[in-house]
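This document starts with two versions of one protein chain, written out as structure tokens and named structure 1 and structure 2.
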Structure 1
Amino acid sequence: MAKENCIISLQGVTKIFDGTSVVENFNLDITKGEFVTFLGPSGCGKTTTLRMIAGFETPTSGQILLNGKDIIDIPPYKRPINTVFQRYALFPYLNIRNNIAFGLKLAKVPYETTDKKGNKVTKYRKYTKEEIDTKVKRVLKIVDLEGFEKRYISTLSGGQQQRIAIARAIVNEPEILLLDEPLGALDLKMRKEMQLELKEMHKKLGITFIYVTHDQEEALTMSDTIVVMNDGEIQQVGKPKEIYDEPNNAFVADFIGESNIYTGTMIKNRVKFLGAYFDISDEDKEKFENNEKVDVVVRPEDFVVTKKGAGTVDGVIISKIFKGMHYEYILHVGKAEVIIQSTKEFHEEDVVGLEVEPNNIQIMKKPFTSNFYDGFLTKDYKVEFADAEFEIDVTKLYKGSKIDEDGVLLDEKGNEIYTEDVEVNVNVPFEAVTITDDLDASDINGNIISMIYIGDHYRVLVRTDNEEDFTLDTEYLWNENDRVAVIIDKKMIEVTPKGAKK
């Protein structure tokens, strides 16, 4: 069901380039006047989604509704939508007034008149010079550059050029303004100033802003609603505080702000992590089963530092940084690493206690703990998946079967079983997967596309050239985009017939 006062709705939108899904089953309703930010790492589909809204790309499937009407077949110039890009594309040979007025000079305004027969008809005219001047002065006032009409682009700072790009986009009074990382070319100080100015412009204009960034601070500072994306899919939609305080999963927690993320176990209405049992909220007690594995998130500011032995766990301070309003400490609790923020001053090698209020412990269901693939058997009793073959004990697939002295698979009645091209489900646990930079070590090669620190190890996602994903846990630090070979322990591969429960 669409939001009340919804201006634009994306329903089941998918975009595929060369067989690769860049945006997948994207569903989102945006309210008139809302400031919505698409937030996520590079390559997650943010800009592609924005370009589909603008009309520069056509969805492979799904609908984009503007005020309830599908606009997929409407060209960009006929949509009441304007875009501000990271590269402002201003005309250096025109002064500011003519840069802003460029679109107005091409636009045609409808007006009603009466023909010779007395019938009312709609005709189109161009804006007058006076009308253009009025509109240009209005938007220059909004972007705080009044009196700059006659200056040229080359005389402006980066921040001023960015404002002119916005002025040119809003002078036509669009219903929606799209902003594709417009602050990316600015230095840090100017970027922070422009974040506040953009938010103020949004209030003055009252139109819908859809903003794309990979900068979490920009998203938290400006947005009414944040849409966190990863790998072409929405991970979470919510208000900035909601996204920060109650992340849906470990990816969101890791991407939005600093987080301590751990693998935990639910045990009798408490959660065990960092080698200790922590009390949890009454709400969380009803969500999880006993002995269920979960992801646990605690923000650095939510750890309370106490005296040694007075908290739930003790930790050793190994690093201390003064950050103005607080100290940031890194502690070791056993083998796990903990980041905390505190106004109290301690020293390296101090042993302190840590505790957390139950409501400040965010507990999330693990999305999965194994890799699943569609595979098939070969005629020589191997399993093939992810473009590689592995030896398995094929007799486990057929009750009462055995391999005779000639190496032939027989059923319990002594009949030969033909396995070539038999489809199977393949389950590869995280712990069965390792990676190496020796690309000759395996037939499976791919690139690291994401990495999340989970307390005492990293959770790594490797994607092969044929779009097969492998998730694994490793104690070693890698870099995103590293090329690696994926090694699988064949003894841990689980194979079941198609139709059987994975």
Structure 2
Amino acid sequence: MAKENCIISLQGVTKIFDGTSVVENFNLDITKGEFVTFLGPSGCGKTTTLRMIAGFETPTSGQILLNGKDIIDIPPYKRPINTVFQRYALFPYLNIRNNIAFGLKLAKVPYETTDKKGNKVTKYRKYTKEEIDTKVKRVLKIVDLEGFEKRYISTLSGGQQQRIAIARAIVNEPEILLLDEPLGALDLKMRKEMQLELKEMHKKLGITFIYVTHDQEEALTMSDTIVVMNDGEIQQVGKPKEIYDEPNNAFVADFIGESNIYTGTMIKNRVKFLGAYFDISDEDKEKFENNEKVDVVVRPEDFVVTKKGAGTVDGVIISKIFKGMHYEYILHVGKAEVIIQSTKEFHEEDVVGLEVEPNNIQIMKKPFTSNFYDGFLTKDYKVEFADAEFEIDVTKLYKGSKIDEDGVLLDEKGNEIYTEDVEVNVNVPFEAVTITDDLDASDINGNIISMIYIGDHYRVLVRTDNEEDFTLDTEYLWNENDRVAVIIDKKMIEVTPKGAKK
């Protein structure tokens, strides 16, 4: 199953903390010598995945294969994997030399020798002091801190500590180097420098790097392969350019770089968004059906600005920011907002035309437009799901049924139907869901997990304490982690009987 040259393979890895799944069904093969980045917002499970590879966490299910062998039961100290920690985790009671030599002093080196009977046997020995000194010297040279052996951690700057942390890890010549947001604590300039240096180091050492970051620019600069994660699941795996140019879904498009994301409709081999019809690439024509609702992504630099009326749509410039290399404009096209970048100068309130090359329009299948739940009926003909009860027209569920004057549900033949605990599928369209910060407004309270801006509105994901998700569209700007009450328009709840069960 694993591809050739694969050094580490994660298969169906899932991690559940206190009933909440942090990483879900994670499948990934990493090639030897690759620079792989796990990219995602905080809390997306990227660090947990890294910690499972290092051995600090055990997956709830799934396998982690290192060179084809399952390593889940192998403790961290026996894995040929080293970690550069987010806060470096250097030892303040040791000097630099002994910090770096920490792993070397513990290592056992195999060597061949002949025993008394003349057989060849493999024995283990420790590194000698001279060997350790040479190795320490060599890595200090790699990280550009020669002659720092005698100093203590507290005398170093953040950037220097960072380098020592890297030196301490690579001196052990691990097969895989894990880096957990190692540049997070550095200032911007230092970070840029270290990015290039890390990339250089990766080339020189030939070790497989697995890098965790929430900084999309960092990921694009350094990686061979980017794994975009959200909410414990892989969203997309690909080369930086693929991820940027052809995002799989609205989340990836929104997270990587700046994007204009709209809801569009496929109409006769064209896509309609911003109130106009845009030509699309031949490839996309085959992928989508007529009248299908889709997500459309256009990068700000892919809009071509023309004269008023000459483009596909016209827009009014609302704001203008000079960014050095180019101007960034925010336009209004009808109600929708468009961010564009152009080297040409325009003025606020100018009306300009916009067009986009067919190849620069990314069209993606909409993940879904409805929330689905498993629910069940109560004996007084309500439906219960997501820990709340809703009144519904229960007669729709049973053909020919009616409710008599005593309020009892009867079937065609006039027998009473018992609805208690009957399992049903519940379908709540996005439009049926609204949220409010008045927590008493409904029984369903939750926190906002994510928000994606889609042209003229936000798509918000709300998660309740019991892990039920509600997706909805709203015009208003909320913040992540806001506590909200979820209001459901009960008229729009669709209930269907489950499967073929009676």
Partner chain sequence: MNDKIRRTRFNFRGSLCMPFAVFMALFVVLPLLLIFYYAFTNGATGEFTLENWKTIFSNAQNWRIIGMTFFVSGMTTIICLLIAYPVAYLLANSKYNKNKILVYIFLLPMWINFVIRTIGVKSLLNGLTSKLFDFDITSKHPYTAIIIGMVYDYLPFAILPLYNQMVKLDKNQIEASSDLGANPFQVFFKTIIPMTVPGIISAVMMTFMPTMSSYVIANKMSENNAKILGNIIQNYFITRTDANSNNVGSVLSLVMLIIIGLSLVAQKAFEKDGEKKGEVW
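This is a predicted model, so every value here is computed, not measured. Residue numbering: structure 1 sequence, from 1. Think of the rigid core as the biggest set of C-alphas that the two forms share within 1.5 Å after superposition.
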| item | value |
| --- | --- |
| Structure identified as the form predicted alone | 1 |
| Core superposition between structures 1 and 2, C-alpha change of residue 74 at least 2 Å | no |
| Core-superposed C-alpha of residue 276 shifting 2 Å or more between structures 1 and 2 | no |
| Flag for residue 403, CA shift 2 Å or larger between structures 1 and 2 after aligning core | no |
| Once the two forms are fitted on their core, CA shift of residue 94 between structures 1 and 2 in Å | 2.6 |
